[in-house]
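Let's start with one chain on its own, the form predicted on its own, as structure tokens.
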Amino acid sequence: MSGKPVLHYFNARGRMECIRWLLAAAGVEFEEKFIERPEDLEKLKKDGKLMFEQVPMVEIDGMTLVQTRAILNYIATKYDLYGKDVKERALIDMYAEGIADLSEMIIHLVVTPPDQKEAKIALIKDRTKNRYLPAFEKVLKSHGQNYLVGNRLTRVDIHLLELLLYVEEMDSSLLAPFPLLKALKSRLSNLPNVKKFLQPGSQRKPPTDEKTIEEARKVFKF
């Protein structure tokens, strides 16, 4: 064993990408074992590795962890990215849940039926520019600091950066009315560990395309 965390998932973003992001931002090297066939998934189930018979799954520090939020909480706590006290942690959790709400909408877009996709994109854009981004712009404006919570890097900054990049992929004009978020995005993108993860050849995954979805359907039978 190398001692590195081992991530078990399909070779795509999905629910594992935020875990990849957080590990990378913490400067933690990790290995990936991709689930490429139905047999790979079945073996993990038979070996008792998947408590609820689903992935993501991460092997770390002698533990086998499932459930995305639980995995993120552990990584954030271990690498001091979860605030200095219970009040900061409450804010981090609250902001992270809002980020997750919009991220889920974007993640599900790739499996939206073609006849519903245009309406779904319109809804996502509306929520982005009228609900979620204004809320985070307001947080930054309220305290005038460089990070969302406690004036230092926490997990929620990384989650927000990931989301902002997804929004930019969809429509870069959506960020235009939010100068503080644009500045935060630039600042975070230049942190050494983040900058490295943003480079070509990293373990960051590209946007999910139709071919990837079809391959995932064969493995996960959805």
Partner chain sequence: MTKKPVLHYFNGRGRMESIRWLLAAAGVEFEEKFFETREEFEKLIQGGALMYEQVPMVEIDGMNLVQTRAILRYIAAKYDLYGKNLEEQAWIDMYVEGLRDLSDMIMYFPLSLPKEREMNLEYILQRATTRFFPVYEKALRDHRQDFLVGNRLNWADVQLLEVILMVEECKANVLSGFPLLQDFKVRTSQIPTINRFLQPGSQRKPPLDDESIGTVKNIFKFEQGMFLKNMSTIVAEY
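Numbering follows the first chain given and starts at 1. This one's a predicted model, so the numbers in the text were calculated from it and none came from an experiment.
The same protein has a further form, the form predicted together with the partner chain, not shown here; the description that follows concerns it.
Taking the partner from elsewhere, no residue among A12, K33 and D47 has a non-hydrogen atom within 4.5 angstroms of the partner chain in the predicted complex.
In plain terms, the part of the chain that comes close to the partner chain in the predicted complex, with a heavy atom within 4.5 Å, is 61-69 out of 61-69, 36-44, 186-194, 157-165. Contact annotation for Y147: none of its heavy atoms lies within 4.5 Å of the partner chain in the predicted complex.
Taking the partner from elsewhere, M94 is found to have a heavy atom lying within 4.5 Å of the partner chain in the predicted complex. The closest heavy atom approach of T77 to the partner chain in the predicted complex falls within 4.5 Å. The partner chain is not drawn, but in the predicted complex it has a heavy atom within 4.5 Å of K87. Looking at 42-64, the residues that come within 4.5 Å of the partner chain in the predicted complex, counting any heavy atom, are M51, F52, E53, Q54, M63, T64.
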